[in-house]
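One chain follows as structure tokens, the form predicted alone.
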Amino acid sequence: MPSSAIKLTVLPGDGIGPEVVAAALKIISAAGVSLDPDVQLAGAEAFKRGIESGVPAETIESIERTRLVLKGPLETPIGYGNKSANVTLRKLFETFANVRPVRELPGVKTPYAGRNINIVVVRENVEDLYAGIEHMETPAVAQCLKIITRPGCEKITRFAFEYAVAEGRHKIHCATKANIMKLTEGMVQHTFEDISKDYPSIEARHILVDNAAHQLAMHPEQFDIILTTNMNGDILSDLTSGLTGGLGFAPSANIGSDVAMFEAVHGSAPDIAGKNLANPTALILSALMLLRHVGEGKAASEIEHAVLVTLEDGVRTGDMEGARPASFTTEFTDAIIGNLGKKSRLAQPREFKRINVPQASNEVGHVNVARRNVVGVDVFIESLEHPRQIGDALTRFAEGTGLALKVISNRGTAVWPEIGHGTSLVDAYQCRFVVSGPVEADVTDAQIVDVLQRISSTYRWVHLEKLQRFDGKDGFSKAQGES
């Protein structure tokens, strides 16, 4: 093995994973790039062995050594049982940026063919709802915490702008739902607007994510880079891949400050596993992103041209429409290898510089504020009583504590004091107590404990949240209908 060989961890994955990974490795080798692969396990087989994360210790140790991963699709239990092995890997190595490029490919028939679609979705990869922090408040009510941090927003936003610089792109849309989630999604929008000032040559626009989905269906060619949150990005990137031929053509990268993982967007397709029918294009294009990441841009461009020429020639796997009979995975792979050194007639790979990836900090992320106040507390309780009964009881409990019951809400809607509408109720109530004196007065922990003890004499409380103000701004949302 040459001393200059690229060390990387290879995770063949589940289903069709081993077949498409083998195709990518074969093409890279044929292009003259030396690899030193360390093949490891993750996914379904790990779950079967009782490893709850789906990622064995040996795999983690390998990635810590190589800092570079090429992985096939991993199966994830749906709706029960273990966490996603994919999410475990992303969070464990803080690969905070998920990059999903799509482009029109020659000969791939779609309703959008001829519109020169070339879009990159840059998705925050470790926060948001995918932090996976969930609780059952009652047997009937589940909650998931949406975690958005200012340091996380800064890293992914700066990465998106640096990616634009590396690829010579000129426009970024930041897609959020900040009109509804003003604190979490709003933080993404405000951070984007702040950091965009450091990149005056790049056009920066905010767009609501539902409008972004609408515009992608109507006029996708207007987009260059879309920066968005974890959940939004998962959805929009599947949408964009559908514009250009589907998940079989959709590569992705998970990039952190010192670890990068490259994988196809598609799943494990167990129904065709082992039949030599899989389309390896997405994994091959992911491997090209890996090569560019480690400075092998010349080989990456040569392979990309070969893929384009192969598609132009009408060579197809079974999931593609085309003039020639469907080819097997291995035949498609060999056709690409046979086209190494040829140039595409219809499409050109984009010039690409290495990305200036934001570096990790050992400091605990925070935002400095000049003034902060605790002005109340939300206590979440479980009860089968009507809001009027709960309101009367909690009003009495608050007497003499320096706190007053302001509002009770159910699923985000105010239900006490009654405002004359009917709301379907569940057995989880959010009960807001606020300071009964001057607004500037701080609510103390002793007051909160006092109220909590009084409540617990009658009701089962589930959890609580302090209501805080930072530099005079509320750090909490209001229920629908709350004054």
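Numbering starts at 1 and follows the sequence shown. Everything numeric here is computed off the predicted structure, so don't read it as measured data.
What follows is about the form predicted together with a small molecule, which we do not show.
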Choose from 177-185, 142-150, 262-270, 304-312 the stretch whose residues reach within 4.5 Å of the small molecule in the model of the complex, heavy atoms counted. 262-270
I'd like to check something about Thr240: if you look in the model of the complex, is any of its heavy atoms closer than or equal to 4.5 Å to a heavy atom of the small molecule? no
Is there a heavy atom of Arg316 no more than 4.5 Å from a heavy atom of the small molecule in the model of the complex? no
Please tell me whether any heavy atom belonging to Asn86 falls inside 4.5 Å of a heavy atom of the small molecule, as the geometry stands in the model of the complex. yes
Can you tell me whether Asn279 touches the small molecule? I mean in the model of the complex, with a 4.5 angstroms heavy atom cut-off. yes
So the small molecule isn't shown here. In the model of the complex, which residue out of Asp128, Glu296, Glu75, Glu104 has a non-hydrogen atom within 4.5 Å of it? Glu75
Checked Gly376, Gly248, Gly256, Pro387 for heavy atoms within 4.5 Å of the small molecule in the model of the complex; positive is Gly248
